[in-house]
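Consider the single chain below, provided in structure tokens and representing the form predicted alone.
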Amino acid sequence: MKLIRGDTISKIISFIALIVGVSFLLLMLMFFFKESSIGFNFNPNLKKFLFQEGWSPLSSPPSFGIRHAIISTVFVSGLSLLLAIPIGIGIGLFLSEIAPKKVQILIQPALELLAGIPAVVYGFFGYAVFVKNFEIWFNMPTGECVLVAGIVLSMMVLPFIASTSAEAFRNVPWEYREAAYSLGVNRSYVIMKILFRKALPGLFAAVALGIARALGETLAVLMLAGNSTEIPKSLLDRAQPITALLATELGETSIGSEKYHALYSAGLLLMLVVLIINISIWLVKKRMKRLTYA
């Protein structure tokens, strides 16, 4: 009787937590929509806002396009994920399948420590090491650029992808490995033909976590990307991703102004992109899980 009562209380608490979490997300979306340009306040040309106009709030007339921020976000986040995903999955595979127990005991806490380091520390490290050296190596007036921001952001994303990937590989039942080895195949075959296939749903979760982290990072990107409203044309150009734009401009914006609503529109766009990416990966992960364990 006590066990049944305890289960009922746990279900009620879990259900309340679920309702609170979902309600908080919906309220955030409603608030951003209300305060944004595409909400109830004013309605600019969405095509110009996203793809044509530049960000120049002090010009006459002012323009509030975020084309430069969208391109900068794609550059910085894409570069960081391009570096972090293969390395992170490789580290996860090494930890779960190849590394001795003593090495696992050392590396796993190190990954957790890296994940817990504040963003400002990563930003300071990038500024002290990469920015100064890039000025010398590439003869740049300032070393702040897309490449520096992408490298440091990949270092921030890497622990999350590596830890989640290692867990995905560990969750593959040992029976699959034993059955394969009993047939005389080598470790490379087991890894490529069995483990990767069975761990795909978990690897998709690792990629989703990395994407969310990369798109949402603010402080380190603000410190290292250069905070320029010009559109970056190469990895050595300065940039201003959406998160850096919000952090730079929102504190100096009067409530209810056109600039205020434009910034909330940029924030709403970022939220929607993250939601769409995560939902898409969740659907692909669900489909892969059905195909994998069918």
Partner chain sequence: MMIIYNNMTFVIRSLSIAYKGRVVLTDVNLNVPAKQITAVIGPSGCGKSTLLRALNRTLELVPGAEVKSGEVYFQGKNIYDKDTDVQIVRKRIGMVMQKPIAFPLSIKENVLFGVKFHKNFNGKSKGEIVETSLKTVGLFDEVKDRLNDKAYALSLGQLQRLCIARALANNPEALLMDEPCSALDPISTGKIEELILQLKDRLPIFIVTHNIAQAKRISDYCLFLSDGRVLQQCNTLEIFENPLDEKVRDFITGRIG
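A quick note: this is a predicted structure, and the numbers were derived from the prediction, not measured. Residue numbers count along the first chain shown, from 1.
Missing here is the form predicted together with its partner chain; even so, the following discussion is about that form.
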query: In the model of the complex, the residue from 82, 140, 74, 185 that sits within 4.5 Å of its partner chain by heavy atoms; finding: 185
query: Partner proximity in the model of the complex: residue 170 to its partner chain, non-hydrogen atom cutoff 4.5 Å; finding: no
query: Distance check, residue 180 to its partner chain in the model of the complex, heavy atom within 4.5 Å; finding: yes
query: Partner contacts for 189-205, taking its partner chain in the model of the complex and a 4.5 Å heavy atom cut-off; finding: 189, 193, 194, 197, 198
